[in-house]
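Here we start with a single chain on its own, the form predicted alone, put down as structure tokens.
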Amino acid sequence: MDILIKDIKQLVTCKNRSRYPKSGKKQSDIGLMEKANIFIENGNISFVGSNPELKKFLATNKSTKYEIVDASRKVIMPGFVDSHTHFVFAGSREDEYEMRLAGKSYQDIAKAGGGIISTVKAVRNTPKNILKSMAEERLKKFAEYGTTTLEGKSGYGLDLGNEIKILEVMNELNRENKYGLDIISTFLGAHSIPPEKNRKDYVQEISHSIIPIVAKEKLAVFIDVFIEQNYFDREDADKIFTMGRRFGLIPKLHTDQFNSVGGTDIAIKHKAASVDHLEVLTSRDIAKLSKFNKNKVNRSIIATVLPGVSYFLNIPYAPARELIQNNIPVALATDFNPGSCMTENLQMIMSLASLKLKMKAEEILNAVTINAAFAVNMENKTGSIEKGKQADLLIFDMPSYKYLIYNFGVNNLESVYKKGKLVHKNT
């Protein structure tokens, strides 16, 4: 049924008048409206406007039967887009959390047989149907906190069969999940080096054996590499991205999490959709990204920062303020995964961004909506409340949009709509 949401107290549209993501001062423009209305038809937004504009719209609109939602005491904003997750995995790593508290580093734990490889072992030993069931349960938690679109990465298989298994799970869930969430798949075979192979051979396998099958079966939109000491280097990423682009996959990049290792140069060379992590990003590399993004011939590279990882691992936070001041569009994501950020709650990430990244409420809202949508090539479908887009909406019971950041650790989300369908309601 069509829906009219009336007399909205505050409507955060995050509308975007440009074909580029929001950066610099524009990252603070949330397109705020008061006493606004939204009309939804066939899952899409067909009208956004004031009461006088609504009267004119209804006079000419053919829809005569529609549900009316009174939002006179509500705050509405776009469904959140979580543009960096690893939500398909098996096993649990709470013991590693305590090891870190005892002074062990992420790298120490990996060398001791923990880290990514421990999850790889669990995934390899888990049948596909069980892996899928566990992943769908996590989607419920994402939806509860307002995520309506998310990216998911492989990378816990590290061989052809298990990487394909993870990607198939994500593709099947994208078609079938009960919450209607849009799931965008990323092939991250270069997440770590499998224990049974050396790095050179594995890069060769990714490039010449796995990428062609992933592309042929249309299992991923993006391709990602973890550039870091003891994992993959610039040359590895260059080879993998060159082959990935040849097969139509779009580069993304994990880089500058623990060490500055030249990932920015590779991202620029291959025109990556986003560079993610950036906890130790240098001012020199910020200048390079800024220069690249100024050239409007290029599609902007999004800087996706992950403050939940810094919190969970107790490492430095990404220089978000410097990124914004240099006109680089910033997105926020959970990086939900079992080893370095075990939360599906994007609202928690927004709170951390305020306190630790010194981002303004308006910058944060654009970072989890329209800019995050750009990071997964979904900006034409979601990320803002505008005519023609999917009706991905969140209805909050709170005094103002700023209350979302202020009242941390509490979920004031009342209703979640995905493509015009009520998919979650908190009671």
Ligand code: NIG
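Numbers follow the displayed sequence, beginning with 1. Only a predicted model underlies this, so the values are computations on that prediction, with no experimental measurement involved.
Not pictured, yet referred to below: the form predicted in complex with the named molecule.
- Checking 264, 257, 148, 304 for any heavy atom within 4.5 Å of the named molecule in the model of the complex turns up a single hit: 257.
- Of the residues given (222, 241, 142, 226), 226 alone sits with a heavy atom within 4.5 Å of the named molecule in the model of the complex.
- Contact with the named molecule in the model of the complex, judged as any non-hydrogen atom within 4.5 angstroms, is confined among 290-298, 249-257, 348-356, 167-175 to 249-257.
- When the named molecule is considered in the model of the complex, residue 152 lies well away from it, no heavy atom lying within 4.5 Å.
- The shortest heavy atom separation between residue 340 and the named molecule in the model of the complex is within 4.5 Å.
- Mapping the unseen interface onto this chain, residue 156 counts among the residues with a heavy atom inside 4.5 Å of the named molecule in the model of the complex.
- For residue 211, no non-hydrogen atom is located within 4.5 Å of the named molecule in the model of the complex, even though that partner is not displayed.
- Looking at 79-109, the residues that come within 4.5 Å of the named molecule in the model of the complex, counting any heavy atom, are 84, 86, 93, 106.
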